[in-house]
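What follows is a pair of forms of the same protein chain, given separately as structure tokens and numbered structure 1 and structure 2.
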Structure 1
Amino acid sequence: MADGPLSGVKLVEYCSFVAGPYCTKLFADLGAEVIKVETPAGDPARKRGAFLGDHPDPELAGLFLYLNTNKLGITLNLDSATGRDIFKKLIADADILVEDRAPGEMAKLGLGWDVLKQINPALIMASITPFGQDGPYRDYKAYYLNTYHASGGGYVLPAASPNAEREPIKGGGFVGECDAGVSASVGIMGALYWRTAGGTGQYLDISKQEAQMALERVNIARYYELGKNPTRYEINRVRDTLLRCRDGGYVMVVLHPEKQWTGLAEALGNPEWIKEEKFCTQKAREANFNDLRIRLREESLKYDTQELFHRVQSQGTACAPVCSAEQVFHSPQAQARGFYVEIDHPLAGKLMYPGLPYQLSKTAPRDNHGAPLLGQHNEEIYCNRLGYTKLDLVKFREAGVI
């Protein structure tokens, strides 16, 4: 296992795809023992490309490899009575259970909170679902695209769209799923701290919609307080703007408050048009924002991306290039801070992974290992810990239990 500040914490994960596995990855990467329980068919993330070497092998799926570092992996069929009995044995010794089945599904299996807390009163159980365990949407089905737009986040994207008919879009990749995973992990950490301080186990109900709504709270509050519905169309604000450069790249430049504007003007060499009355004050620039953007875009085309980025930053104005995955990977800042870590995998070999987004001075994690193969740790968990024999494992496989 990886070693870190959460070493000694035992977590059982019964999740698939992104939100739940990302939540538990945050624990595993900090040293918690995470036992990932997959159905015998495996986590659907194993079937989601891209695949290493473009070879469609469920053990080489990039999404799965990333989300499941530092975990132990077993297979278990909870539709079988034997599988449910084994699951209860796992829970008896766990600190945390994270599951993402539909509301009521665990209870129908006889594995709901009311049952499991009797087995382990200190258990912290977290359920991650699209809309939560109650409310009128409780039983609605949803994919990531649904929950993202249900949060209101997609309605303001793409920001400052020039076309009022441009349809809304979701955030890139699985950012909303990861947001739900982060929200779940923070809640679990709070429950774990409270239990350590003398409390008991408890149940956490995490709604993916609400996790993403929490990130849109500024827009929601603006509607509540001002009655204004933020839109993606022609956002008229002198706060920031996107500028295209001579080499085809982009930079995002902050224009407010005044000191940010002054620094940008200096970086651009204080061209004559900046002295025009309609650009002399913040209020005037706000009223003439469309003209301002046109002028700024004409100026930005005189520079390459990195050149403009460093010129603006040298004047103390916030500015950053819009980076591709390749540029982020080769970022001198990320390289200097050792953000990427090399982790070995039984089949994929040694690969570079994004590391922790923070650095611990005393308890930095070490000894990372790759995502588990399907059922890789069945013998270790079932035989060495739960007391089953190798013959039992053969019978379990024949019966479809594992």
Structure 2
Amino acid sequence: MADGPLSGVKLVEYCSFVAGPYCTKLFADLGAEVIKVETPAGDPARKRGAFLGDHPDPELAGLFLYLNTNKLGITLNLDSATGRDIFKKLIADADILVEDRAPGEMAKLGLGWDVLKQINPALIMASITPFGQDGPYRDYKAYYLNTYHASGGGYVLPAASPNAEREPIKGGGFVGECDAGVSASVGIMGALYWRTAGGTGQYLDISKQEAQMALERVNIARYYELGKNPTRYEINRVRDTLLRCRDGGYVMVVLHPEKQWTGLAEALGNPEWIKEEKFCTQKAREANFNDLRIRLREESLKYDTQELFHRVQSQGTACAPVCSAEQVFHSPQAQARGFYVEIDHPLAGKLMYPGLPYQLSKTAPRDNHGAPLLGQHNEEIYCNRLGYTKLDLVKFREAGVI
């Protein structure tokens, strides 16, 4: 496992797909020991592309490889009584359990919080579900698309739509799922700190809808200020401005606060715009936004993307190119900061992975390793840690326990 500020913390993950695994990846990448418990069928993220070399092999799925770096992987079937006993042994020694089964499912297996806290009173258990452990939608089914839209995040996208003719959309990739994972990690870390400071274990009920709503808090509260709903065709027009460039790329510029606007006008060689009555205050720019947008778009077409980016930034004004995966990777900034790290994997080999967005001066994590193969660490965990014999392992496999 990686070495870092969380070295020594032991976490068991019983999660699949994105939100739970991303939460525990944050811990694993900072040095915690994360044991990922998969069903014998494996995490469904293994079935999601892109696949390395377009080989749809469950060990070569990009989604799984990224979300499970630095974890140990074991297989375990909790539908079997023996499997449940083994799970309890794992928990007896853990600091944190993160699980994402439907509400009530762990309890039905005899592995609910009431049971597990008897086994390990110092345990911090977090359940990550679409709508939380209670309330009228508790048992509702929801995929990423549904929680995203239930959080209010979708209703305002795409921002700057001309009208409401087309459908609201989700955030790109699985961003909302990852948001729920990061949010959960903050609560869990608070619980960990408290426990070491003299507290006990505790239970965390995490709702993905709420985690995403928490990010929409500004828009939600804005309803009261505006007296109407923020929507995808009215909000944020002035602040966010996308400009197309000569080479077909886009840059994003910002018109507020005032310094941003004046810098932009100067960068575009039109300082006289600043004095024009219809653009001289933010309120005026809002009122005359269509005019402004036409002018900005005419000017931006005179430049290539990178040229305009540096030209605007050299005025001390915010601007960035809209980057594809290729452009993110090749940006001189990512390269200079070493944002991508090379990680080896038994089957995928050495690949460049997006790394940590924070650099820690004293406890820089090192010795990263790739995501586990399905059941890769069964022997290490079951035999070396829990004291089962190799013969037990054979029996477990025959009996469908692991």
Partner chain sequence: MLNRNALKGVRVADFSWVWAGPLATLLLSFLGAEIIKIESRKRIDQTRHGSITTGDSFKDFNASPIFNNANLNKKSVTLDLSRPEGADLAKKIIAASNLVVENMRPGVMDKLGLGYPDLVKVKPDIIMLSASGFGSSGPYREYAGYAPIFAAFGGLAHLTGYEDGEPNTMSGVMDLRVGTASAFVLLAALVHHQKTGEGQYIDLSSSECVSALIGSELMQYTMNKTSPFRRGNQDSIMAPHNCYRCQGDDKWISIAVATDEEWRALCGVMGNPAWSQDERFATVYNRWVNRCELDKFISAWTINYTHYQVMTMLQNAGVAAMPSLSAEEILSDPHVKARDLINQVDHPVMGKKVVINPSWKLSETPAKIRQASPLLGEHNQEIFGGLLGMSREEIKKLEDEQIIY
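What we label the rigid core is the largest C-alpha set whose atoms superpose within 1.5 Å from one form to the other. Values in this document were obtained by computation on a predicted structure and should not be read as measured data. Numbers follow structure 1, counted from its first residue as 1.
Structure 2, not structure 1, is the form predicted together with the partner chain.
With the core superposed, residue 218 shows a C-alpha displacement below 2 Å between structures 1 and 2. In the core-superposed comparison between structures 1 and 2, residue 272 has its Cα shifted by at least 2 Å.
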